[in-house]
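Only one chain comes next, encoded as structure tokens, the form predicted on its own.
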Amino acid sequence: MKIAVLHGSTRENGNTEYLTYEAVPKEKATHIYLRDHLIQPIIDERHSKEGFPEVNDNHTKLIDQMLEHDILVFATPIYWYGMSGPMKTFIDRWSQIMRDPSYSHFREELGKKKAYLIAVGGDNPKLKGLPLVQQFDYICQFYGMSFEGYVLGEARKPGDIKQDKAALEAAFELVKEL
């Protein structure tokens, strides 16, 4: 099973990355850092006669890379009780990729994948992160992906995640599943 980790953090070596590496070490997966790629926001043209305009960015390259894997791990800090901007922009563009004739297989391919979520926040994430978990579950349901589980960690300042023993244990358990 090939694993891809999609990192939504804008900060290198932050708490989310630390927790994610505990769950999915660098050598066990392809780690894709969305912050290192140009992904334009979606301009919703679903209902226009012309459809979506062509966008010159890295989105389709990332989609191609993602589709090569069997398991997808979405790793994001919790920003204002939701996913990070880079992660949201990446997923928002899936509406566009589904209408691209070159990706007519996109939805079917996602339906063959297993998905996990790793998220870290500072404001009671074990409770206030649950809407984010639900959002990922709904995304997975839409595409027919199997949402296998999640880990929520708590950290406010850089390095704080090392104090969240429950999250570190959950990450360790996730490794066993993968």
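One-based numbering along the sequence shown. On a predicted model such as this, the values are computed, not experimentally measured, just so you know.
As for the form predicted in complex with a further copy of the same chain, it is not shown, yet the points below apply to it.
**Q** Could you spot which one of D123, D64, D36, D57 gets a heavy atom to within 4.5 Å of a further copy of the same chain in the predicted complex?
**A** Partner contact (heavy atom, 4.5 Å) among the options: D123.
**Q** Taking heavy atoms only, is E177 within 4.5 angstroms of a further copy of the same chain in the predicted complex?
**A** No - in the predicted complex, heavy atoms of E177 and a further copy of the same chain never come within 4.5 Å of each other.
**Q** Taking heavy atoms and a 4.5 Å cut-off, does S104 contact a further copy of the same chain in the predicted complex?
**A** Close contact is absent here: in the predicted complex, S104 is far from a further copy of the same chain, nothing within 4.5 Å, heavy atoms only.
**Q** Heavy atom to heavy atom, is Q135 within 4.5 Å of a further copy of the same chain in the predicted complex?
**A** Yes, contact at 4.5 Å.
**Q** Quick check on I139: any heavy atom within 4.5 Å of a further copy of the same chain in the predicted complex?
**A** Yes, contact at 4.5 Å.
**Q** Is it the case in the predicted complex that I43, P131 and K157 each bring at least one heavy atom within 4.5 Å of a further copy of the same chain?
**A** Judged in the predicted complex, I43, P131 and K157 all sit within 4.5 Å of a further copy of the same chain.
**Q** Can you list, in sequence order, the residues from 55 to 86 that come within 4.5 Å of a further copy of the same chain in the predicted complex, counting heavy atoms only?
**A** Heavy-atom contacts to a further copy of the same chain in the predicted complex: Y79, W80, Y81, G82, M83, S84, G85.
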